[in-house]
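Only one chain is shown below, in structure tokens, and it's the form predicted on its own.
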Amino acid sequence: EEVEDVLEPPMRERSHIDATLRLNEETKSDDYSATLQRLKKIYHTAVRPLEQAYKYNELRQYEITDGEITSKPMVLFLGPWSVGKSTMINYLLELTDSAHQLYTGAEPTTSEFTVIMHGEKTRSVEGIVMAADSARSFSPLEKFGQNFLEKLVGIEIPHKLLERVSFVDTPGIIENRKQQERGYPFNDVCQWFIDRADLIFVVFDPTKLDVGLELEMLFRQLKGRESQIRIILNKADSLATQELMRVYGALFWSLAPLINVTEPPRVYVSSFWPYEYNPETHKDLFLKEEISLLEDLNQVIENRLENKIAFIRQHAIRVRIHALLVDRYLQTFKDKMTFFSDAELVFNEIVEDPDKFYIFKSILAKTNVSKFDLPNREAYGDFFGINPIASFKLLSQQCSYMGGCLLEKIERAITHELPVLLESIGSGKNPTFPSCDTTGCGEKPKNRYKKN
């Protein structure tokens, strides 16, 4: 019996999880759904037409689906193998020692990307089914091939927390493993989930802080997403206090070259599993750290609508900048062409040295664009290699009598419709959208079909 007590320590009390995450409170699903429907309408009427006209998806390899707009917030778990990622998910969802718990162990156990989401009953969903279902947000994953879809699995569980958020458990990073051994582009798949995650937990085990090539690559992929990153030093009660302080310092020393930001990500130090903390450790501190992390998670859930609107607005800004750049390339090409010019030579000269023709500088000078939002110049060499410049129209020609101008519509969405929709969340009022005619939206093409 004494051996059993050592192997199976008593469970900790977990009422603080329900209280912090407000799992017993009812959610206003009607208001949530109505706002998402308005957001979808703005995207389809104001953003997507310009996105398609200038083939933005071929520049960024990023396509927004209806399932992505209406999906719940996503929490992504990353980190080396056997650091407690799956154990932490089991703990949060009360799956520990149940028939449906995620596999855990000292050896690498998670070889799949596992999406844990809400369902009326507990069941598994194969990756090929998830990718084929247009109502979900995972259909773009088909581009990574059938080998990857075999490593993608969904688990539906009827849990209150999953009504508000979805979790993604990832294969542990194993250093010195070649990408080819996985059978699919691991880093590209990670990037897909990183781009869509509302919160990213990077989990470490204090007894093994190896920072190798695959982890370095992962942190390079996290550039620009520092505000979503939370670093977790898990299994903290397995070390004495002095040793834990040394490990904490070593972790920052190892990660400092990889996280080049003024304010480093928040670090949580605790043991995220259901069992009692080891005796003679800082139990109160670990519990406070756990509650702080839960508050962080709850903030993401509470702000899910605001984050969705901000995400679509950010995407719209990038689409607008891309359209303005393509328009400037095209206008410059038309200005430089003469009757005797070789079209290919003329355009290659513009693409190879856009600064000579003030392509990017003219965008900054004449439009409300930040230099920090401009895309990579080199990317347009590849973009126009696939999409001939002659296949595009000038923005001034992207107008119709009934629909108006595409640029004017996306600018109205950026400056008015999306901010008004965001404001309506806090006030509880239905949004009313002012017109660009009264306030102006920046640089607008003239509608050839509209009478003055």
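Nothing here was measured: the structure is a model prediction, and the numbers come from that model. All residue numbers are counted from 1 along the displayed sequence.
What comes next is about the form predicted together with a further copy of the same chain, which is not displayed.
Each of Gln242, Gly249 and Leu255 is positioned with at least one heavy atom within 4.5 Å of a further copy of the same chain in the predicted bound form.
For the options Leu102, Val269, Leu93, Leu324, the residue carrying a heavy atom within 4.5 angstroms of a further copy of the same chain in the predicted bound form is Val269. Contact with a further copy of the same chain in the predicted bound form, defined as a heavy atom within 4.5 Å, holds for exactly one of Gly381, Gly212, Pro158, Pro264, namely Pro264. Of the stretches 335-343, 372-380, 77-85, 278-286, only 278-286 has residues with a heavy atom within 4.5 Å of a further copy of the same chain in the predicted bound form. Using a 4.5 angstroms limit between non-hydrogen atoms, Val351 is distant from a further copy of the same chain in the predicted bound form.
A residue is said to contact a partner when one of its heavy atoms sits within 4.5 Å of a partner heavy atom; Ile194 fails this definition for a further copy of the same chain in the predicted bound form, lying far away. Looking at Ser98, you'd find every heavy atom of it more than 4.5 angstroms from a further copy of the same chain in the predicted bound form. Though the partner is left out of this view, Ile301 does not reach within 4.5 Å of a further copy of the same chain in the predicted bound form, counting heavy atoms only.
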